[in-house]
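This document starts with one chain, in the form predicted alone, laid out as structure tokens.
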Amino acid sequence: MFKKINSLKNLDKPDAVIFDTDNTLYEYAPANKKAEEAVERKVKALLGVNSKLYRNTYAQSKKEIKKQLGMTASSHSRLLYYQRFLEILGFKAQLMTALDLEQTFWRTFLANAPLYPGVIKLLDYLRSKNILIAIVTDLTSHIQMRKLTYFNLEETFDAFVTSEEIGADKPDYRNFELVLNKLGLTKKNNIWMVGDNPYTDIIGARSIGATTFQKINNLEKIGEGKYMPDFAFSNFDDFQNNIINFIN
């Protein structure tokens, strides 16, 4: 499926295409579920904490960290979640355990996070047409770099920005202005933004006048009202097939 949502928007060859990462290049939920289950098993083995206590305490730790840090990259930190989890249970500063749980989470996560079909083909196609490509994503730089390296995309992008660099998650406009600066472009250039979230990706990209494409998956519906994208698509093969005529 590829659908034009904004009837007033037409396509021209872009100077750059910016991509979100999570739920845009790969599906987040299955990998996250597998990773949390792996940590739960390790917590039971190491600390003797049962599943119910683990889940309730972990949920509390996430809530506390997010309230404490607000919309920042570190508010997504599993290391901070596990540190607070251990503190709530009275284990105090169990630093090695917190690090072990975080590493268990991300090793399992990456092993269960394949790219969506068509992603590599699309990125190769854009590069072959001398179109700049970039990443703008939330979470910490270390983790998002680790993901892209695991996907063998470490040398694919012309610019990379995480919300850690500017101190606030998307849709904060500074994320998008920073990527333009890194690409050597301005708002006068023709920029495309590809993301799954109508709030963070679509609203954020409008701050630089980008043409917006929403990747539709099981978690998000097509944005409406002020969250409405210019175009929507469900898979990358359809996306590529529908933009070829505007790029070639």
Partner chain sequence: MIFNKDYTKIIYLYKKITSIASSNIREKQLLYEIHKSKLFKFGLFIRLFLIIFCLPYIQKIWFLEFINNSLESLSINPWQAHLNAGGDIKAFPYGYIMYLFYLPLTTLGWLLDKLLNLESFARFGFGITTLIFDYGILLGIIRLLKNYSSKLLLIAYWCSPVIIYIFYWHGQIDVLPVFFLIYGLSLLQKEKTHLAGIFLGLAISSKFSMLASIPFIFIYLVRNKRLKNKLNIFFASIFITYFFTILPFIKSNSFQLMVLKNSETEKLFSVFISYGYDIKLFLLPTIYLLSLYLVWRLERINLDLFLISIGLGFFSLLLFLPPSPGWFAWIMPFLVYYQLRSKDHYLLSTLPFFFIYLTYNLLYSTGADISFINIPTELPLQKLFGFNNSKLKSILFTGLQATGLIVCARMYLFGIVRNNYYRGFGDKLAIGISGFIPDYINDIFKSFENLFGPRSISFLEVSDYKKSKNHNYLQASKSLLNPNSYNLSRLTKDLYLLADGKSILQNINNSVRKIESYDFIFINGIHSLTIKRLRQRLDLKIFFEIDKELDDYFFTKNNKNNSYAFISKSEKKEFNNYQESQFKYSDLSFKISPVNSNILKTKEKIVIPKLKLFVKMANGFFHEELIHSLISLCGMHIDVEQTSFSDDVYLCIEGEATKEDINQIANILIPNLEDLLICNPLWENGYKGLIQLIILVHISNLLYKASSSKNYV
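Residue numbers count along the first chain shown, from 1. These numbers were taken from a predicted model, which means no experiment stands behind them.
Keep in mind that the form predicted in complex with its partner chain is missing from the display, and what follows is about it.
In the predicted bound form, none of the heavy atoms of residue 130 sits within 4.5 Å of a heavy atom of its partner chain. Residue 247 falls outside the set of residues with a heavy atom inside 4.5 Å of its partner chain in the predicted bound form. Although the partner is absent from this view, residue 74 stays clear of its partner chain in the predicted bound form, with no non-hydrogen atom inside 4.5 angstroms. A residue is said to contact a partner when one of its heavy atoms sits within 4.5 Å of a partner heavy atom; residue 125 fails this definition for its partner chain in the predicted bound form, lying far away. Remark: of stretches 160-168, 75-83, 147-155, 131-139, the one touching its partner chain in the predicted bound form is 147-155 (heavy atom within 4.5 Å). Of the listed positions (206, 42, 62, 182), a single one reaches within 4.5 angstroms of its partner chain by any non-hydrogen atom in the predicted bound form, namely 42.
In the predicted bound form, 103, 107, 108, 110, 111, 112, 113, 114, 117 are the residues of 102-136 with at least one heavy atom within 4.5 Å of its partner chain, listed from first to last.
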